[in-house]
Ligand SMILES: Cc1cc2nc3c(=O)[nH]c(=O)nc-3n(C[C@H](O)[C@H](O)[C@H](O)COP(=O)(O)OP(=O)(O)OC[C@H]3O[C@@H](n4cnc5c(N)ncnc54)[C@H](O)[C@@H]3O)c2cc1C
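Only one chain is included here, represented as C-alpha cells and corresponding to the form predicted on its own.
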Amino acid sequence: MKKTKYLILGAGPAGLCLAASLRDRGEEDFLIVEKEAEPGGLCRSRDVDGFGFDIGGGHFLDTRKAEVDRFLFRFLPEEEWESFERDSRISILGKEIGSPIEANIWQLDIEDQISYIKAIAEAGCVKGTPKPELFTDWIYWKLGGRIAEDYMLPYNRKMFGDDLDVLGTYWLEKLPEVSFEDTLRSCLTGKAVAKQPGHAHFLYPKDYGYGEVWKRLGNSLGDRLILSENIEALDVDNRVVNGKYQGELIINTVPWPAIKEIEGADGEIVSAIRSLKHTAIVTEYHPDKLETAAQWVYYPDPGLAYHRILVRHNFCRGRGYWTETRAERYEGVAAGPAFMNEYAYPLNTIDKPAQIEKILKFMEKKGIYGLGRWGEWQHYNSDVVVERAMGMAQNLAGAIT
C-alpha cells in the first residue's frame, strides 16, 4: 500500500495544477494517479502532420486571468505562446457570419435581417413573459423563433443529443447577453455591438499543441505522477484506490461514473453518480486549407455530422483543420487521424445540480473532494480549472493538521 497525504485522481489540468500548487506551498507528500500513458487529460496533443493536434477538441488559454497565465508560463514560457484576437464564426444560410449570432445578423442578406429582427421582437424575454423551464422553450423565449430554429436548436442537438429537454436552463445564463436593442443597433450600424464571448483574446503555443504545457507540468512532478493506472475501485471509508493507494485526503478530477467500484457509498449516492450524463466526441484531422480567417466555425446544418471545425492554420504554424463530432453522429470513416474522447462534455441535465451536490457533500464528509470539469461535473474551460485548483490547494492547506 502506497500511503500519501494527498492522493490526486487524474492528471488533466485540474490534477496537475493542484499538485503543482501544493508543491508551491511546500507540500511534497502527494501522488497523482492517471490512467493514460501521458498527462494532460482532454488537453493532450499529438504530433499530426508535423504540428500539434489537440485530440480533445479545441483548447486555448484565455488571457482574462493573469494569475493563471503567470502560473502556466513557469512551465511553457510566455515567449513560446502566440497571442490572438478571437474570430469565431457561424456557417448559416450559405454565409459565414460572426459569433454570437444575435450581434452579427447584420452580415446576412437584408431580408433575413428583417425576418430575424421581427422574430427577436416577438421573443418572450423582450415581451416580458415568464421564463420557461424547458430548454427548447427557453431558447425560443430568449432568442426568438428564427435563431432557435436556424441555429441554436439544431446546433445543440448535434452537440448534446436529440432530446434537448433533458437539459436544464440554469447554465444558459452564460450565453452572451445581447439585447434586442443591441441587435437592432448592429444591423443599423453594420457592426457588432455586443461583447465577445469567452476567449475574446487567447494564447496558443507557437510550435506545439496545447498539450505541451500540460506535458511539461507533468514532467516537473517526477515520480509523484503515476501513469497508465486506470482508477477502477474507490474505498470511500478508507480512502483507498485500486487497493494499493491510500490518501489522508483524496481529490478526484476524473469522471465519477468512470470509477467502476465504489465501496462504502450507499445506494442513493451510487445512483446519483450513475445518473450523471456526458457526451463523447471524435476529433478528426483534415490537411486541407479552408478559405476563412476564423479560428473556429460552428455548423448547425443537420446534414453535416460534425458540429464545429477548429481551423489549425489560423492559430498554429501547422496546416489543415480538425472537426469535432459527437460520437453517435460520427460516420466512422476517417479522412485523416481521428481520436475518440469518451468523456468530452458533462451534460447539464435538469437534475444534475441536485445530484452533484449530493455526491460532493457525501464525499467531503469522507475526506474526498471533487475538482475540475469532471470532479465537479461543470463545463469549465482550462483557465477556470487552473484557478480552481490553485484555490483548492490554499484551502486544503488547513484541512490536515
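We number the residues from 1 along the sequence you see. Worth saying up front: this structure is predicted, and the values here are computed from it rather than measured.
This next part talks about the form predicted in complex with the named molecule, which is not shown.
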Open item on the list: Looking at heavy atoms inside 4.5 Å, which stretch does the named molecule contact in the predicted complex, given the options 132 to 140, 91 to 99, 227 to 235, 185 to 193?
Closed with: 227 to 235
Task: the named molecule contact at residue 385 in the predicted complex, heavy atom, 4.5 Å - done: yes
- [ ] Could you confirm whether residue 21 comes within 4.5 Å of the named molecule in the predicted complex, counting heavy atoms only?
- [x] no
- [ ] Decide whether residue 281 counts as a contact residue for the named molecule in the predicted complex under a heavy atom distance cut-off of 4.5 Å.
- [x] yes
- [ ] Using a 4.5 Å heavy atom cut-off, state whether residue 56 contacts the named molecule in the predicted complex.
- [x] yes
TODO: Counting non-hydrogen atoms within 4.5 angstroms of the named molecule in the predicted complex, say which of 46, 35, 358, 65 makes the cut.
DONE: 35
Task: One residue of 350, 344, 338, 347 in contact with the named molecule, assessed in the predicted complex (non-hydrogen atom, 4.5 angstroms) - done: 344
Open item on the list: Suppose contact means any heavy atom within 4.5 Å; which members of 1 to 24 contact the named molecule in the predicted complex?
Closed with: 10, 11, 12, 13, 14, 15
